[in-house]
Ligand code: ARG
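Quick heads-up: it's one chain on its own, the form predicted on its own, in structure tokens.
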């Protein structure tokens, strides 16, 4: 009997998939569950085994996610249409592990729980094929046109416990939490407060707080003088920024599939870290570096969002981002207050800011040279305007 490796969350969709693959495809199932946020691995493993899978693999990969994925996003100021990418950068890690364990367990097919409307099907399948072009990938919800009532009836038929799922469809990892479906789909209505889990609604926040964040080669290393690994630092920033109303993103999003969707993200730690990172960049990089970096940041974000994490161009972009971030060292003090972030102070040994030159209290800058500079600088604009004015007169 051929084996299928199923990326298993423990929810209704993937639990039904276990039985469906066993009964309809007549294949043995191995499940793989990755904890990138707060999954109860023991509970999920026991549920998978109770469904008759031949093996249930569970792994805590939060640290690997932070070091290999979140770190790259911080260096590249990864934002898509105004929000930090969280789900998008977790899918390549999941696909990578799926291909690896499919090989280890002799599985010729990988299965995932994405629908045909979303982005994740692209991210899973392009990544898997980029790693192993010969691997077969199926998406039962999409491929067999499953709907929720049918799934519930199928679950009851095979004695699968139907969980009382939450109101929204939620995806969560340490870098962010997304919510969609239910009342969120009706864009004429305001968000209901029950969508909030990580971010405190603005009207419930306190008087704010001031924090220090210190960066080394573009990566946050310390909060308020205490050093943390990236995984722990992100989780601490989620709490600090979230209780101050930072990081709720409520917007319209353009999916890979051409559908415009209404999405809600809670990304408190990510928003605060990326804001602080960009401020340190503005202090330590010059105009030409910043201009080019902005373009490359946008390219990085689009490739990551569109499921092209393993495209070779990403290696070149990541090398560029890493190179520039060698100079992004320093400390920033931020005031967090009711959804706002304000820089209180900033410092760096790599600062390009020159107080002696910019200050109006001294004469270290030779102002007389400005006249000659302008006299040459104006030429392109002035000569072009003069030429076109003359041509217009001739035509008239």
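Residue numbers count along the first chain shown, from 1. Keep in mind that what you see is a predicted model, and the values were worked out from it rather than measured.
Missing here is the form predicted in complex with this ligand; even so, the following discussion is about that form.
In the predicted bound form, the residue from 290, 138, 170, 222 that sits within 4.5 Å of this ligand by heavy atoms: After the contact test, the surviving option is 170.
Residue (of 178, 325, 127, 121) lying close to this ligand in the predicted bound form, criterion heavy atoms within 4.5 Å: Checked against the cut-off, the match is 178.
Any non-hydrogen atom of residue 263 within 4.5 angstroms of this ligand in the predicted bound form: Flag for residue 263 set to yes.
Contact of residue 88 with this ligand in the predicted bound form (heavy atom, 4.5 Å): Yes.
Exercise: residue 215 in contact with this ligand in the predicted bound form, heavy atom 4.5 Å: So residue 215 does not count as contacting this ligand.
Residue 73 within 4.5 Å of this ligand in the predicted bound form, heavy atoms: Close contact is absent here: in the predicted bound form, residue 73 is far from this ligand, nothing within 4.5 Å, heavy atoms only.
Partner-facing stretch of 312-320, 222-230, 263-271, 194-202, counted where any non-hydrogen atom is within 4.5 angstroms of this ligand in the predicted bound form: Answer to the contact question: 263-271.
Residues within 4.5 Å of this ligand in the predicted bound form, restricted to 225-258 and counted by heavy atom: Heavy-atom contacts to this ligand in the predicted bound form: only 253.
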